Structures are given as C-alpha cells and as structure tokens.
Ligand SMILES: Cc1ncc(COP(=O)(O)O)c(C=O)c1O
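The chain that follows stands alone, in the form predicted alone, written as structure tokens.
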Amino acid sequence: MNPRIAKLRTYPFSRLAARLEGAHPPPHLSPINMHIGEPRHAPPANIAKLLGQGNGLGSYPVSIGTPALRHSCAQALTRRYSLEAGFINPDSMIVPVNGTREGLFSFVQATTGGKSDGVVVMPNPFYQIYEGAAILAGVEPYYLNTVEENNFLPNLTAVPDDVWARCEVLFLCNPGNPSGTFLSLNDWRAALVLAERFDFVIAADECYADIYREGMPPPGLLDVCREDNRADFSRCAVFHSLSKRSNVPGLRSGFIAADPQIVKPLRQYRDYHGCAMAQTVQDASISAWDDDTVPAENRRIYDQKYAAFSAILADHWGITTPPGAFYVWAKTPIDDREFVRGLYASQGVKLLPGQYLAREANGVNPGKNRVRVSLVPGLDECTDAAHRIVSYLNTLG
C-alpha cells in the first residue's frame, strides 16, 4: 500500500461519530443535524427531469466536458463577476470536475512536484481535502492559523520567505469555511504578488461564492483579474461548485477556471485520472449554471435563518452573523468536543467540534473551543435548535 495513506488523519465526521458513540438523545426530541455543510433547500426544478432522461449513457464522456458545459460555466463566472465577454475562454480555461472535492484533489496531484521540498500552504481550520491532497501528493502541508484577532483571515505576512520559496500551491477559501469571512481585493493582490515572486499557484476555493448576505458579494480572485487587467489569469485557479449554489450536493458537479498554462497539463493529467463527468450530469449542470434564481432564493432563506437563530441566542451565546457561507463559528464555554457530546445527548442537536477542522500549528489549534454550526435545516428546525442550545447552555451556567 502507498505509505502516505498512513499519514492521513481520520476525517472529521468519522471522528464525530466516534465522539458521539453511546450518546443517545431523549426519545421525544427529533435529531437536528447541523454538523455537515449539506444544503437542503429545494434544487432547480428540472434537474431530476434532466437526470432521468439518461442522455449519453451509451458512450464514454470526455474529461474536458462538452463545449456547451464549458460555455455555461464561463458564462456563470461572467455574470457573477461582471466580466467582459470573452474574458473567460471556455476552450482553454475551463475544466469540469465531479464536485470541488475531486477537483481540488486532482489539482494538487497535477500542480505539485516541481520543487524537491515543496509545500502546500493552507488556512487553518480548512477543508480537509487540502491536507489530504497534499499528503498523498508527497508534499508538506503548511498551516496558516486564521484566528479572531485577524478576523479569521490568513495573515500572509506571517509566512517566512523560506516557506514561500518552497510553496507550490496556496489555498484560499472565500468566503471562509468555517468562519464565513471575506478576503478583500487587497488580500488577493498580496497573494498574487507572492505567487509571482516565489513561483506558485493560487487555488481559490470559492464554492460558497454565491452564498452571502444579500447585497454583499465577496470579492473574488476574478474581481482582481478584471480590475487589474490580468487577462492572462497567470498563476490563478478558481474552483466553483453547484453543491452550495444550487442545493445539489449529490450531483457532484463543479469546475475549475484557470490560467491556460495550468489547464493544458491539468487536462492531460485528468485524461489518465479517469474522472469524466457523465453526459446526463453535464446536461443537468448546464441548466443549473444558467439559473441564477436558485442562489438568490438561497440567500434570502439563509438570511432569514441567521436572523431567527441569532435573535434567540443573542443573550445566551456570543455569536455573530458572518458575511458569507451558511455557518456559525461559535465559541464554547467548555471543551468543544465535550460541548458537542453534551448537546447531542441532552438535546439531539448535532454540531461539529472546531478542533476537528484544524491542526495544531505554532502551539495553537485555532478550532479549539469552537463549534461549526451549519444552518442547513429548514427555518423551523433552526429555530428549534436555537432554543435547545439555549436550554443546554443554561445547564452549563
């Protein structure tokens, strides 16, 4: 077996299952699952119909996707970031992927290895695939703590030059997971300066880019490329997904838009990787990327849930409404793992311990004594969960 597999950490949800083993909520309380970022709003109405048609099942799909799908992806970016027509070339800059998890993983395999002691720099806490992809590619993860004192944003100036010199990929998640905070245009520009100076690629994970408080879209890497006339998109790659945008996590559909100099070898890698998207999924994806009404409705519903959840907990738990995504990144009065187990056992509400999403770096685990709350259930369930959390907090004094 590949010895690097032994270096992988147990995935957070498996750790959570072990932590909750033997804990049984009161039978009169229905469980409320808020531990996983799995959207539950209504998906686009015609997705199921398109999937049911079964188009293309009699032939192998190609890994680069159809021209129609690539065009739809490029147009979605053009609308979202107010780009000029043709700024994103669907023939040379778009790579369809089977969800951003698969895309992020394959991207690291294809873009690392050029430096003998390479590292992948990532925010901490982080989406766990960043670390797993780095380890299995044989490069070292470098954790950049995102803490409250810095508005949960990565402080790029804290990374020594010798680490930047070894960097092959810098992951930035915007809006952040789990904090929901935004990188500014100047943050993106600072990252680009470093990428050019030290010869690495920026991988902008923007799967939450369409989930924000109404009227406040997060600045993205493409905004900087547009404003600074970086038409070559040099050293840039952005990752987008339908899972959060269109409430179809089971569709496993997303795309990478990147510098053509990155896309060409990435496509060659993916020819061998065996990850072509089924034609019927491509058809459904085109319909979803072309529909901006679903993400707009999502924003309206999430705003409602944040307002209700925060109002109930305002006098009991020091939480804030983030500018983006659909999480609450909340402090706990006791160890986060004990808090999660106690809440589940007494109230049937399942959250995720913050330290499961992070690693100890510079003597600190920035997820410790925090929990991630996913506001993905319906409004009534979120309201019920907030009241149950209040009840549990009261037992802790």
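Just count from 1 along the sequence shown to find any residue number. Small disclaimer: the values here were computed from a predicted structure and weren't measured.
Below, we turn to the form predicted together with this ligand, even though it does not appear here.
Asks: Only one of N124, S241, S285, S179 comes within 4.5 Å of this ligand in the predicted complex by heavy atoms, so just point that one out.
Replies: By the 4.5 Å heavy-atom cutoff, the listed residue in contact is S241.
Asks: Exactly one residue in V281, C73, L221, L104 has a non-hydrogen atom within 4.5 Å of this ligand in the predicted complex; which is it?
Replies: Partner contact (heavy atom, 4.5 Å) among the options: L104.
Asks: Determine whether any heavy atom of S246 comes within 4.5 Å of a heavy atom of this ligand in the predicted complex, and answer yes or no.
Replies: No, S246 stays farther than 4.5 Å from this ligand in the predicted complex.
Asks: At 4.5 Å between heavy atoms, is Y208 in contact with this ligand in the predicted complex?
Replies: Yes, Y208 sits close enough to this ligand in the predicted complex that at least one of its heavy atoms falls within 4.5 Å.
Asks: May I ask you to state whether T146 is within 4.5 Å of this ligand in the predicted complex, using heavy atom distances?
Replies: Close contact is absent here: in the predicted complex, T146 is far from this ligand, nothing within 4.5 Å, heavy atoms only.
Asks: Quick one: is Y302 in contact with this ligand in the predicted complex, heavy atoms, 4.5 Å cut-off?
Replies: No.
Asks: Check for me: heavy atom within 4.5 Å of this ligand in the predicted complex, for each of F87, R189 and A257, yes or no.
Replies: Negative, none of the three is within 4.5 Å.
Asks: Looking at 147 to 155, 212 to 220, 170 to 178, 290 to 298, which one sits within 4.5 Å of this ligand in the predicted complex if you count heavy atoms only?
Replies: In the other structure, the partner sits against 170 to 178.
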